[in-house]
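Only one chain comes next, encoded as structure tokens, the form predicted alone.
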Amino acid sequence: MTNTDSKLIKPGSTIGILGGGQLGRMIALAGRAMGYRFVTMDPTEDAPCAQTADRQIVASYDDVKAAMQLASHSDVISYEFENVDAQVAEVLESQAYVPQGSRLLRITQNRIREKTAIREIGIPVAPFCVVNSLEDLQAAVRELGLPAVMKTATGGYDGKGQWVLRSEAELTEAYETLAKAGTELIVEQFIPFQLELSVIAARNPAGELAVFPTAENIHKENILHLSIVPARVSDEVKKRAEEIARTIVEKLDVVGLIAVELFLTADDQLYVNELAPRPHNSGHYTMDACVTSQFEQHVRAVCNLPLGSTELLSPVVMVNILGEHLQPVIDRIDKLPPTAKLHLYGKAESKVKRKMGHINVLAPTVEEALAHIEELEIWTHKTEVSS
């Protein structure tokens, strides 16, 4: 059994998931409805995915022995986030059926490799420089100008591992702080974007490709707050964003799902910011507003089933529930509009800025959906996490 086989994995089979977070949980919920069984591997006992899977292997992501145990119980293996160990994925790829492969995982785990790969296929990204010393950083700033954004090449999410450079006076402190991560650093030219957009695309081993509608994303403190669909941009911009996603899927030989995050400038130029080779927070709106959710689509893709329709059935706004919002949401459960769909992730501990769930608010227009969210007054005031 090799990764090049375009196998059809039929319902009744077992899907192994590297990772046990909320994305794995929602993949398993969608897949169980289709008749699949699940086994997950995650270091946290009773992880969100474990609550919906048939079995959990409690082990660290770099545990090759545990990964082989996962393989022994699985007909196909997928990963639910890109920080799983790429070497383990590569070992599994040689011993089991991992249609997503390990190549894209390696690319997207490193911002330098990712930006280089995107640029090489002719898709615009922010100009960047690789930084290995303070002198490199100073030279990068001279070349790219200020402001600029310095990031760790690996790790980091929701704004972690980043520093917006606004003056030369802060270069030393910024470099010394991020260099502690022990990885290469990348400095990107700051793109004065007007909006952040994202597109979720899917492809199965047979080569069938499908793209979900473009989402408009609003972040607070570098964490996704709202995803608005349809995005409030022109049809031409949506079309180009979706074409960019298609090109990336085809050129990088994607199997499964990939999220393409983009910046839109005032003159309607699009730049790819990041890729995520998996279901994505900005695609949660699909669970209630599309014919096929991103999670069902992921199962269809890795199992080589025909892909589902990505048609949008209703305007929708997805709003994230962080730790500080969870109790207010529960307290106002009777105030949610009848078209609001609540999704909680089953995490044992609620922490500030930790993603605990989300709500999809469907309405005749996105403006009405946004008004419903405002009326709840959950995200407009600072709230404390209950002990």
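Fair warning: this is a prediction, and the values are worked out from it, not measured in the lab. Counting begins at 1, following the sequence as shown.
Form predicted together with a small molecule: not shown, discussed below.
- Across the options 129-137, 70-78, 267-275, 231-239, residues that bring heavy atoms within 4.5 Å of the small molecule in the predicted bound form belong to 267-275.
- Among heavy atoms of E93, none comes within 4.5 Å of the small molecule in the predicted bound form.
- In the predicted bound form, the small molecule sits beyond 4.5 Å of every heavy atom of I123.
- Contact between D288 and the small molecule in the predicted bound form is not found at the 4.5 Å heavy atom cutoff.
- The closest non-hydrogen atom of R300 lies beyond 4.5 Å of the small molecule in the predicted bound form.
- This chain lacks the partner; the member of N222, T116, T172, N83 within 4.5 angstroms of the small molecule in the predicted bound form by a non-hydrogen atom is N222.
- None of L144, L178, V149, I112 but one reaches within 4.5 angstroms of the small molecule in the predicted bound form through a heavy atom, and that residue is V149.
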